[in-house]
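This document starts with one chain, in the form predicted alone, laid out as structure tokens.
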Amino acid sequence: MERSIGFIGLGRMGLPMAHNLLKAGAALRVYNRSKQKAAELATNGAVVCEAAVDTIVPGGVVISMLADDAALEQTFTPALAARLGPGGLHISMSTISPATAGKMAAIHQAAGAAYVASPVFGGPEQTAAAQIWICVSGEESAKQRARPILEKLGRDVEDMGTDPAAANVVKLCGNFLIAAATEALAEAFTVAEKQGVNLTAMNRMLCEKLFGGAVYQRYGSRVLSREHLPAGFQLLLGLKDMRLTRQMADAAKTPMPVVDVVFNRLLSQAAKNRGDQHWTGLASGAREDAGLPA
């Protein structure tokens, strides 16, 4: 693994990632709009930069973990890509649209730098434990350079090909499946509750045994308990991702009617000022529609 790395974006996911890289022996240059989070890393040896561009060494490696397309585009301007320059590598771990990923790749290519998309599955707890799943796509030699770094951050790195947008397609599809599963769980638990069924036993039977797996076990328990705070992944971010999925489907002329269901469910909850909840909060909508308390 390369030792000298720049890191931009120290939110709920970026901060534990940066900690893991420091533990792995990396010399980090970090930037975050909120200096408090960056200061936390300084005590462990990171160099805190005053601007995003200061994290970049020409020909070096920089990682970004930013909230959305706008944040990434505002940060990684052609000027920053030019500073990265020939031999440089940008590992973008944000959940963004495939279109923005393609645009970013073109900006970097024009500067002689490489761009690798590496969005992740997992929350802050899994990130802190280096147990996230990572999708990666981009030019082969760039992925080979990125892999030793990514392997310090997650439990598995899955290659999605050379198209820099491919990993973001997979990420959006994965988040769509999680949202759809959550909606299905909410509807199933709601109708069962109204029939007087023991929901704990139902959850054990369906989510732990029949549909055993990380999503059904973790999300089934949250839907059942109705504990949507604190939020590792906020409902507003889930709404953003479903908006991107709808846009992706539209661009590909692919009907995805279930996306509309979960998008509107999330939008309804956001309109009720529940955007800071975990995105399993979308389950409240099914309960309210059935006349049950959220």
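A residue's number is simply how far along the shown sequence it sits, counting from 1. Fair warning: this is a prediction, and the values are worked out from it, not measured in the lab.
The form predicted together with another copy of the chain exists for this protein as well; it is not shown, and the discussion that follows is about that form.
Q: Let me know the one among A82, A106, A192, A129 whose heavy atoms come within 4.5 Å of another copy of the chain in the model of the complex, would you?
A: So the residue touching another copy of the chain in the model of the complex, by this definition, is A192.
Q: From the list G102, G112, P78, G213, which entry has a heavy atom within 4.5 Å of another copy of the chain in the model of the complex?
A: Flagged contact: G213.
Q: Heavy atoms, 4.5 Å, another copy of the chain in the model of the complex: which of 53 to 61, 66 to 74, 232 to 240, 251 to 259 makes the cut? Say which one.
A: Looking at the partner contacts, the answer comes out as 251 to 259.
Q: Contact with another copy of the chain in the model of the complex for L150, defined as at least one heavy atom pair within 4.5 Å: yes or no?
A: Close contact is absent here: in the model of the complex, L150 is far from another copy of the chain, nothing within 4.5 Å, heavy atoms only.
Q: Verify the contact flag for A142: yes if a non-hydrogen atom of it lies within 4.5 Å of a non-hydrogen atom of another copy of the chain in the model of the complex, no if not.
A: Result no; A142 lies far from another copy of the chain in the model of the complex.
Q: Please check if D289 has a heavy atom lying within 4.5 Å of any heavy atom of another copy of the chain in the model of the complex.
A: Although another copy of the chain is absent here, D289 would touch it in the model of the complex, with heavy atoms inside 4.5 Å.
Q: Although another copy of the chain is absent from this view, report whether L185 comes within 4.5 Å of it in the model of the complex, heavy atoms only.
A: Output for L185 is yes: heavy atoms within 4.5 Å of another copy of the chain.
Q: Does any residue in 114 to 139 get within 4.5 Å of another copy of the chain in the model of the complex, counting heavy atoms only, and if so which ones?
A: Heavy-atom contacts to another copy of the chain in the model of the complex: F121, W133, I134, C135.
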